[in-house]
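We give structure tokens for two forms of one protein chain below, kept apart as structure 1 and structure 2.
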Structure 1
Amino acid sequence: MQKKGIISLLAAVAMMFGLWQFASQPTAAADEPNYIISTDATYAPFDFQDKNNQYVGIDMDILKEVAKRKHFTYTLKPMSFNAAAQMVANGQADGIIAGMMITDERKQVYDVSVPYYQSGVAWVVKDGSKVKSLEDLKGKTVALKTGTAAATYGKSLQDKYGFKIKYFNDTDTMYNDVVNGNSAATFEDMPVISYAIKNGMKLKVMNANDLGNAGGCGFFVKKGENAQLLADFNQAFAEMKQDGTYDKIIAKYLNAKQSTFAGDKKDNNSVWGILTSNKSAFAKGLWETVVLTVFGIIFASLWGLILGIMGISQNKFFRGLATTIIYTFRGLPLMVLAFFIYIGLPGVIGVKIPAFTAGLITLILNEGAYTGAFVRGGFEAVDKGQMEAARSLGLPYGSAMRKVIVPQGLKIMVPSFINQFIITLKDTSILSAIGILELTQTGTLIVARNSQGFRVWAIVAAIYLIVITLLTWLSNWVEKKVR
């Protein structure tokens, strides 16, 4: 009975994942290949969202043009640069375009297109800073972005100049750390810094005429794979350079005096203004958070119940299995688990896992382990005499469990369940790291565009609090019913 239940539950989960995967497949013409292309979610002028939450930038326009000329479609996966690059290295995505510099190290892992833009690493300080040379950074903190060429360059100077390093996942947060005075300097690619400064970021470039590791940006695919895609990129790019399309794209983003794309000064940056001009983005982010939470809660609770029941089983093997699973998944940080499933696993099993599915599995395994632990504890807390009494009345073990122990145990567990539901909701925010566009990631993207960190994060926090309040009310209502 127990086994049958587990099997049908697993079948239901598998079916749901299948459906989800099917539903999220973009419809492509039968003969046009569809590629998954990852990118840096916030990297203006290469990749960023405009006021209408559309992805724009030099990379995005080039990619769109290449796809048009070479007759393919693509699904864009914007996320932190490091995760985006890992996705290609592990075969989760077919290619990456993210203002990514061509370096010898990267050529070991990827095949690279012709360079499409010249770049180099600059180091910057806050406008008006007392730091005048790299020597002045001794003992101070330098902000770097994980996995980038600029970070590698900055790190190579650490011993010589004796600064401390702090890592960030996105460029905008890194800049703000310098502007707020927490870090004394940062290293980033020159085109990205110039663009930010032009758009009002209070930073100053210290080595404009002497950039580090100067080189080109390229389009990358995993080594030995997607040769056709790479050839298409190179060919279409050569055509675009010839016929002037490329120059137009560059001029569109770099020649405008004040960017009309990001952080337009005329934007209404009051809380109400931010809320109304981004309402569809907030709504979509909230929806994704809610869907993840609901499915997460349902399946983690079911999985936790199974683990808890196994944990008090008479069978030693099941008890040991439950303990091991709970120990393992409770011990792993949620983000590590998410990266493992989303970025690590596909490279080994050779199957792409959509971000939503990976996120959901992460939630089920992690929250399910916590649930399993308190479910087991709840059953164990039922007075031993209850089981003895039931058995002495002639009830077999299974019926005694179902009719006597489980109902009493569940009542004990209700507050723990409510607590776990709220934790699940909050934990969905960690899944922004694998590029799921839930509420937190939505906030990150909006801040990258309008630099209104305080207001945007206050709005996001308020939305979470409202949802958590509703969830608590609902849970308390259910609690009253079952008690």
Structure 2
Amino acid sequence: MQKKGIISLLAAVAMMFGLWQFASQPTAAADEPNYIISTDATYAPFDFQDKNNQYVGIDMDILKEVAKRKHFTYTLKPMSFNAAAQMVANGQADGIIAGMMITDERKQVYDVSVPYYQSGVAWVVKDGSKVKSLEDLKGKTVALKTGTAAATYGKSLQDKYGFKIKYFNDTDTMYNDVVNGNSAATFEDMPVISYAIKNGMKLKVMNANDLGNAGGCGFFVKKGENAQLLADFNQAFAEMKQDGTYDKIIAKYLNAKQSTFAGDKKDNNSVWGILTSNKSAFAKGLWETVVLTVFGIIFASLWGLILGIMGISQNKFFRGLATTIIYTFRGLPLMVLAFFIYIGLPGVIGVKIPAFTAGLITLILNEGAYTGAFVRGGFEAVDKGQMEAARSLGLPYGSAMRKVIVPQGLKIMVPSFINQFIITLKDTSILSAIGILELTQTGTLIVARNSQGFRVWAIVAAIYLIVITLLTWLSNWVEKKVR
């Protein structure tokens, strides 16, 4: 019974994996190569979503023009900067364009294009700050974004000026840490901070006329691979510089008014305005969250049920195996597991795993382990006399479990199942780190565009609360019917 259950679950997961693999394959003309390009879509004006939820920015327009001129298509994979870079290093993506600075360290891992944008680093404080010089930062905390050239530049000044450093994975959170006074300053690429200030971020650039040297932004591919893609980029970029296309792209984003990409001011200055102007984006993000939650709950519950039954098996091997699986996946942080499955594992097995599939497997393994623990406890909570009575009536162990112990144990577990359903819903937000466009990632993209963190996250929090409330009501209704 246990073997059949395990085989059935693995077959179902494999089938789903195959379907999503097939669904994720891009359609392209037979004579046009298709590349997977990763990016950080929260780095305006280089990479972000506009008010129509389209990916735009200096990088996006350059990439689009290169693809047009060199007759190839591409599939864009937006996610956190570090994850996007790792995708290329591990062969999950063919290239990355994300306002990524060219450094000697990165040249050891990647092959890089000619610089397509030269940038300078500004140091920034909140409006009204008493910090007037770098010397004033002594003993204070400075916020930096991990993996960026601005962070490297800021780090290089730490010993000289005696400040402490706090790292963040996304730009908006870093900015708001300074605005809220938790950090005294930050270092950022000048065009990026200029866009944020233009969008209403209450920050002030302190060295606009004396910027630090960030270097040049480049297009990166894995070292020793995709030489043709890199050559196409360099050649097309040279053509764009020569015919004026590049200058038009730069002017389009650096000289644009806020409303061009972020929406009208009236749409961003109220919760209702943000909600109505981004309703389709919120709806898509919510739908992705619901789909992940439903599939995660179903398969994690099945997997947890199998682990629970294995955990009370008469066979020592199955009991030990169940205990090991539960211990392992309960002990791994969900984000670490997601990164391992989506970014680490493909580098070993040589097979690319779609983000949705990786996220779903993550939920199944993590939530299933927790489910398995309380399922095992629920079965063990059934009075031992029930099993003894069933066996005394001549029922085999398997039949006694199926007809006597499991039905009683499931009733005991109902509250735990309800609680785990709610946890699964909330845990889907962590999967935004691998680029799944669920509700949390949707909020991140909107904030990157309009810099209205408080209002956007208030909307996201309210949506989660409403869905969790509805799920709780439904679960309580099911509990009453079962009992």
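One-based numbering along structure 1's sequence throughout. Take the two forms, find the largest set of C-alpha atoms that superpose within 1.5 Å, and that set is the rigid core. The structure presented is a predicted model; accordingly, all values stated were derived computationally and were not measured.
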item: Form predicted on its own - structure 1 or 2; value: 2
item: Flag for residue 377, CA shift 2 Å or larger between structures 1 and 2 after aligning core; value: no
item: Per-residue C-alpha change between structures 1 and 2, residue 169, threshold 2 Å, rigid core fit; value: no
item: C-alpha of residue 316 moved at least 2 Å between structures 1 and 2 on rigid core; value: no
item: Rigid-core-fitted C-alpha displacement of residue 194 between structures 1 and 2 (angstrom); value: 3.0
